[in-house]
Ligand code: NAP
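To begin, one chain is listed below as structure tokens, in the form predicted alone.
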């Protein structure tokens, strides 16, 4: 069993790392902001004092940080992975970042004898906790095969999409599609409430029909209550949409629903709601509807 390092212990990363410990991996962890490794150390992980110390102790490094510049800093900073890793190290990037940057990062790592796969995830905090994430993987077949056991400890559905960067491109498609799901449920819930219907009864009636979706089943209650505890931050989805909209421009594709969602999320972030769950899109629809 390969020794694994995990970099990035946020809401998603900490839960994913815990599942690697439970799967029996000798796990070393490191976070840019100190103080987050305690619960993982309690279940058997080892906290590294520096990123370079972590990299020197492992064969595989999993990254789960917020954005493209963060991944670049972890990979190529003064004490980053590229500087500290041995030849033959495998990097698995579970962050959601630019496909174009991913290809460039992989090229730079390859020059140092370090392999990389991109493996962004979908399934929210629930999926991270229960190891049921959907993982979209890009990379060379041999590298993806090597990464598979590590990924299987964190997710249920693992799909090799093609060369490096295709995992990130697939995640961009995912983030575009969920725009429609969240907006559709938000609009439907607000319409039901303003029309005098019992929204819980509406959800029960629709949940086994054509309108059924993960969002309807798992986030409609928050929209009814107008409470949006964290699952996946509005601000992070807005960041992901920027990646998707950039890919759309490169591909000559018009994304009107994604563009509308981006504007609604801009308003939520400006209003101080960027750290709420993405289901807070219902807050915007409520406000537009005078609720």
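On a predicted model such as this, the values are computed, not experimentally measured, just so you know. Numbering follows the first chain given and starts at 1.
Separately, the form predicted together with the ligand exists; it is not shown, and the next lines address it.
Listed range touching the ligand, judged in the predicted bound form by heavy atoms within 4.5 Å, from 220-228, 248-256, 42-50, 59-67: Heavy atoms within 4.5 Å of the ligand in the predicted bound form occur in 59-67.
Close approach of residue 265 to the ligand in the predicted bound form, 4.5 Å, heavy atom: No, residue 265 stays farther than 4.5 Å from the ligand in the predicted bound form.
Touches the ligand in the predicted bound form: residue 17 (any heavy atom, 4.5 Å): Residue-level check for residue 17: no, no contact with the ligand.
Interface membership of residue 158, the ligand in the predicted bound form, 4.5 Å heavy atom rule: Residue 158 lies outside the contact set for the ligand.
Residue contact check: residue 170 to the ligand in the predicted bound form, 4.5 Å heavy atom: Residue-level check for residue 170: no, no contact with the ligand.
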